[in-house]
Structure formats: C-alpha cells, structure tokens
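A lone chain, given as structure tokens: the form predicted on its own.
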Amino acid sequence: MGKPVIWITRQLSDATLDRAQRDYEVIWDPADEPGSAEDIIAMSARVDGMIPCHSEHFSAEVVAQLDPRLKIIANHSVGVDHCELPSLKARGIVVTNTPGVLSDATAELALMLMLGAARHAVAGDRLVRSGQWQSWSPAMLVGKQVSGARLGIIGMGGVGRAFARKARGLDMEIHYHNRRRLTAEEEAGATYHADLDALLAVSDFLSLHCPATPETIGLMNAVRLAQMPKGCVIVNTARGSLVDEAALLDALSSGHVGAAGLDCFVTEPGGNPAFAGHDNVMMMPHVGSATVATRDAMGFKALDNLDHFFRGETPPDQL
C-alpha cells in the first residue's frame, strides 16, 4: 500500500517539508500562492489529507463540493474560523489545529506592538530613517508609560496567559475577561472581570486574545471603545474581525484611543490603508507566530495529527 497523499497549500518550514516528504506523497507548489476555492475542490479528488493555513477557506459551499477521497484537514493554525466546522463534520472530514505551540511567539509580538505603539516607534523610526532628525526636545515623541499600568486582556487561553506572564515583567497590573474564571494558580494575581464593560473601564492597555466567533465579531465597537480610559492603547494579535475598524479609526482621530498595535485586520491580505495615516498605529501583516522555532512546531503538530489519523488513531488535536 502506497503512502497517503497530502496537499501542503503554502510554504511551510524546511523541517516540516522534509518530514512530510519522508512520510507522505506530497503535493506542494513553491510558488506559495493561497489556495482558491477551485483549487481546494480540485485537489480534494487527488489527496487523502490537506495541511492548509488560514489563507484557505473551507466555506459551506466549498465543503459541499469536496471529493469523498479527502478525509482530514490538518490545519497549520490554532484558529479555525476559515473552516465551516459543522459542514465538514457532516461530511465526515476530520479537522485538527495546532494549539499550545505558538503562544509565546504571538505573545512576544503583542508585547512588541504594545511597546511600539505606546512609545511612538513608527514615528521615531521614520524620523531617523528619513534623515529628518535635526534637533531634540524634551517634548519630542513623549509616549505612554507601560510599566505599572493597568493591562486588560480579553481571552485567557494559551496566548493570553503567555502575554500576561510577559507583561508581569513590566510590573503591569493584570485584569482579564474570559468565558471562565481561571484557577488561582493560573490567575497568578490577575483580577477577573465577569463583566466585559468593567474590564474596559480599568484598561489603560487592552490586548485581544479571543477567537473570532459570532459573539465576538465587532466586539470592540464605538460603544465599548468609549468605555475605556482616554489615551488607552489597544493591541490585536487575534483576529481582525474582533474590531470595528471604522470605530477604532474615529477613536484614534479624536484622541480617545491614544495608540494601537495591530497584527490582523478585517481584510487580509492588504489590511486597512486608512490606518497608515496614523503614526500612532504600529502594524504587522499577521505574523504573530512567525519564528523559526514556532513554524517548525506548528508544522510538526499538523504532521503529528496526520500520523495519528493514518494509523487509525484519533488525532490529538481533533476538533
């Protein structure tokens, strides 16, 4: 019996590709273009499994047209909002993700965005890089102090808890809102707010780490932004759909939100060009987990799930 055939949709790490090609018959295009709906449907007749990223979308319409040959989608991501899970389950297609291996990398980027937004990193870099730094003043690029400030975290899963641990190194006062209260050990002194509005009122800094669900889409809208302290800083390394971008732009323009650090946007790729007009917004192109170690770990997680499945076992990260 030959090796199972899998489609790897994007350019994964060298270590991941080497292992995959050792154990599977791999279809992979080094051009590294996102798989379209047509690509997904056509490839489902050629492969037994897929390793897609969040750039490939398994909508209900796409799932309805998948060939019966496809048995497993081993996502190279933690978030699975690109997959219509009920439709996939109805078709008997197993879906897995990669939890527990990208928390630190994503939390590191959130910390970078928080510090960069608070301390005018975009404007400062541009000033020096452009050769326009001709003088100095004690009033120049005065930012918001992070150390000792109140930090609100929405979503205390793996990434949220990793971010809280790093923020404690800055003596930040940690507050959080979550679907469930953590244990005292997990809280490590953080203050739980069952009511989201209560959290927002004490968040000098706010970092989003919750999944995109029907309940959280547009979570940070004009009403909720207005409940935060004037001059607050907002960080989003989760999903762009959590934020009402028009409301955030208005709040930045008015000064109610002092700065923002964004790694994800409603429209991806591309982002929202309106944010480029604000030097107090630091942006990255959805690369929270982009470290060598984490990319290897994510790829190996996806392959581990495939290995279990094709041995007739339940994948450890089956949803």
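Residues carry their position along the shown sequence, with the first being 1. Keep in mind it's a predicted model, so treat the numbers as computed, not measured.
Although not depicted, the form predicted in complex with a small molecule is the subject of the following passage.
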In the model of the complex, the one of Ala118, Ile154, Cys83, Met228 near the small molecule [non-hydrogen atom within 4.5 angstroms]: Ile154
Considering Asp171, Asp195, Glu215, Glu185, which brings a non-hydrogen atom within 4.5 Å of the small molecule in the model of the complex? Glu215
Tell me which of 127 to 135, 237 to 245, 143 to 151, 87 to 95 has residues with heavy atoms within 4.5 angstroms of the small molecule in the model of the complex? 237 to 245
Indicate whether Val287 is a 4.5 Å heavy atom neighbour of the small molecule in the model of the complex. yes
Taking the small molecule as it sits in the model of the complex, is His177 in contact with it (heavy atom to heavy atom, 4.5 Å or less)? yes
Can any non-hydrogen atom of Ala167 be found within 4.5 angstroms of the small molecule in the model of the complex? no
is_contact(Glu56, the small molecule) in the model of the complex, heavy atom dist at most 4.5 Å: no
